[in-house]
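So this first bit is one chain, no partners, the form predicted alone, shown in structure tokens.
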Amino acid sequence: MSTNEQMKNPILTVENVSKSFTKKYAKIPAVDGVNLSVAAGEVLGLVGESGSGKSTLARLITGMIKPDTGKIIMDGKNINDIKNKKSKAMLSNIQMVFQDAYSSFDGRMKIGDSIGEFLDNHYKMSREMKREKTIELLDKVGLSPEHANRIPGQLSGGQCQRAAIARAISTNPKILVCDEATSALDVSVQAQIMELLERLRQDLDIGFLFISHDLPLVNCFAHRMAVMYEGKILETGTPEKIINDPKFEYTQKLVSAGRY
């Protein structure tokens, strides 16, 4: 992907966000003073080793947990200051695609019912409208109407991740947070899912926070890259700049491990 596309005003801004967890009576910082932003149609790749705080940051941005300090601003409003129905509406603009698509679904429910239940949480729809919307969403991600009648265990890994993406875009989000969304897939299926995400980015003008340990993958997909270490953002820039001129020893090690 070209990194020369004009930068738009950010729709998601993370301002000095921190989060700690208590372990054996001690507070352990997981996210420490993080600042970042994502614009409409932009992909920000977030890289770092396991335990660096990437997934905690994803949970903070999607409202699954609240920060100890700092602000997460969507369209000019701090999502943690908005209550009740307005909060639900605001958070519908930020959706998550998880690494393990199978566990993100109820294994006993048909895919169509799971997507329909998700729609019920955000919209008032008749049964027929939900069915039509579900089929439309499945079509957008390359699945047929018959997939709506299958349970997750009857789908391949790639099909299940496509269904998870269909569910995520059902609320017309402005931001998709992808937390290692392709790492559980084999290389050929991974490429197909990346092509789907790029098409959705272009068609729907969705911004992405794309979390991955795979620097070559991020290099191909992201406009900008942020490197996270011990809860902090070490450096941010275009993938080309960070890969060719890493400023920190930690980043240099990541680049080396990425086989550049």
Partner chain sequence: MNPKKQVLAVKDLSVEYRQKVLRQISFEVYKGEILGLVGESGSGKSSLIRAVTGLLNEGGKVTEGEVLFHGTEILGLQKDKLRSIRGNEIATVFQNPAGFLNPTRKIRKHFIETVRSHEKTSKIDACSRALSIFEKLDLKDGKRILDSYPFELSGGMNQRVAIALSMVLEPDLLLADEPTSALDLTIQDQVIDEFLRLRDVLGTAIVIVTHNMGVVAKAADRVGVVYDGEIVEIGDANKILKDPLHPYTIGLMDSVPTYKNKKIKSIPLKNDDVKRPVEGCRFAPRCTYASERCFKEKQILRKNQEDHYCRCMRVEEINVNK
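No experiment lies behind these values; they were computed from the predicted model shown. Numbering follows the first chain given and starts at 1.
Omitted here: the form predicted in complex with the partner chain. The next part is about that form.
### Query
Using a 4.5 Å heavy atom cut-off, are Asn93, Gly107 and Ala148 all in contact with the partner chain in the model of the complex?
Contact check failed for every one of Asn93, Gly107 and Ala148.
#### Entry: in the model of the complex, segment of 168-176, 93-101, 111-119, 67-75 with a heavy atom within 4.5 Å of the partner chain
Comparing against the partner chain in the model of the complex, the contact stretch is 93-101.
### Task
Answer with yes or no whether Val14 is in contact with the partner chain in the model of the complex, where contact means some heavy atom within 4.5 Å.
Taking the distances in the model of the complex, the answer for Val14 is no, it never comes within 4.5 Å of the partner chain.
#### Entry: 4.5 Å heavy atom contact, Lys130 to the partner chain in the model of the complex
Heavy-atom contact with the partner chain at 4.5 Å: absent for Lys130.
### Message
At 4.5 Å between heavy atoms, is Gly231 in contact with the partner chain in the model of the complex?
### Response
Taking the distances in the model of the complex, the answer for Gly231 is no, it never comes within 4.5 Å of the partner chain.
### Query
Even though the partner chain is not shown here, does Pro216 get within 4.5 Å of it in the model of the complex, heavy atoms only?
Flag for Pro216 set to yes.
### Query
Using a 4.5 Å cut-off on heavy atoms, what residues in 235-254 are near the partner chain in the model of the complex?
Going through 235-254 in order - heavy atoms within 4.5 Å of the partner chain in the model of the complex - the hits are Glu240, Ile243, Tyr250, Lys253, Leu254.
### Query
Which way does the C-alpha gap of Val141 and Asp205 go in the model of the complex, closer or farther, given it changes by 3 angstroms or more?
Distance between the C-alphas of Val141 and Asp205: longer in the model of the complex, by 3 Å or more.
### Query
Did Leu200 and Leu155 drift closer or farther in the model of the complex, going by a CA distance change of 3 angstroms or more?
Farther is correct, given that in the model of the complex the C-alpha spacing of Leu200 to Leu155 is increased by at least 3 Å.
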